[in-house]
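In the block that follows, a single chain appears as structure tokens, in the form predicted on its own.
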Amino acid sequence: MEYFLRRRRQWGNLVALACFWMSAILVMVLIVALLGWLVWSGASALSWSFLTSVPNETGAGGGIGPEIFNSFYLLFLTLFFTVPLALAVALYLEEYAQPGIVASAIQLAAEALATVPSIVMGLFGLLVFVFVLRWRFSALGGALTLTLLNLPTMMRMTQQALHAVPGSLREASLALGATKWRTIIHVVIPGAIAPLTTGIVLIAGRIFGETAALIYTAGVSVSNANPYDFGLFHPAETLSVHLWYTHAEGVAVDAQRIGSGSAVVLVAMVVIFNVLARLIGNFFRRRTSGR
């Protein structure tokens, strides 16, 4: 009887392992197939001129140079607002706040904000930044909308990173005479820098791919006199928005070529940032752990 039970457990383990391997292989095949199809359909459109020239709304031969510029511009502008604010809130909740109504209210507000769809956040940005504040379509309005959209995720990841720092390090710093603030600056934050860096880069990948929130806030046109503009109040059409606009509303004669090439570049940007998240996170983890 014991022999049959042992064999039954062995077969059960083999079946479960086979299911896990099949699931992993299926996911990998789907990812490779999707990436292969994107590269096959859009690689012919890629050229230096396509990556650097301005788009052509009606004729053929337009590029995506301003859209790539605006994607990076909005990325750094959003991170400039999101990272310090998320770090400040997470530090307060982890290092200063006592369990009670205030901390629970902040957590509840962050969880509620995280459930808001991006299209709804875009409509909120349209109402506040475009109509009430009269900024019109602007890079600042788009960046602040993306900040509201990504702040809960960044705050939660920052809290987890700070919580993972061993309490013994805090106690040792305080025992040596350091103040709580110096302990946070010189012990807690450096100890959490690896997961923090990974979180920032992952958030950057999400910002690159966001479309719905930016349609109503940053705009869908780069027809201003200087498309490579660092001003905060100019329209800033990103690559993901340009991809949507080309297929949904655009009238360019080579819209299919532009859309396919834009999709390849956008996926490449997101993949690169996800790979950087692993590399940078591992680098700081080795630096802070001594391994």
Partner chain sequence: MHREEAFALWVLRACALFLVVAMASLVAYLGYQASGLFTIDQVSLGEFLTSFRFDPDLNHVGAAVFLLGSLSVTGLALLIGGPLGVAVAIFLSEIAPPALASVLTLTIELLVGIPSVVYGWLGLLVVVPFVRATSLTSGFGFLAAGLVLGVMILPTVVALSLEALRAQPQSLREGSLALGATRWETICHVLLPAARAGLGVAFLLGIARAIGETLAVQMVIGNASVFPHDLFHAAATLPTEIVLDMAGAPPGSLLQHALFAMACVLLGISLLLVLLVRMIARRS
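Quick caveat: nothing in here was measured; it's all calculated off a predicted structure. Numbering follows the first chain given and starts at 1. Whichever C-alpha set is largest while still superposing within 1.5 Å between the two forms counts as the rigid core.
This protein has a second form, the form predicted together with the partner chain, left out of what is shown; the following refers to that one.
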> 140, 169 and 279: each with a heavy atom within 4.5 Å of the partner chain in the model of the complex?
Replying inline: no
> Do residue 85 and the partner chain share at least one heavy atom pair within 4.5 Å in the model of the complex?
Replying inline: yes
> So, in the model of the complex, is residue 68 in contact with the partner chain at a 4.5 angstroms heavy atom limit?
Replying inline: no
> Taking 4.5 angstroms as the cut-off for heavy atoms, does residue 124 touch the partner chain in the model of the complex?
Replying inline: yes
> Is the gap between residue 21 and the partner chain in the model of the complex 4.5 Å or less for some heavy atom pair?
Replying inline: yes
>> If the cut-off is 4.5 angstroms on heavy atoms, which of these, 79, 201, 106, 165, is the one near the partner chain in the model of the complex?
In response: 106
>> At 4.5 Å, heavy atom to heavy atom, what parts of 158-190 sit next to the partner chain in the model of the complex? List them in sequence order, or say none.
In response: 179, 180, 181, 182
> Once you line up the core, how about residue 31: does its CA shift reach 2 Å between this form and the one not shown?
Replying inline: yes
> So with the core overlaid, does the Cα of residue 272 end up 2 Å or more away between this form and the one not shown?
Replying inline: no
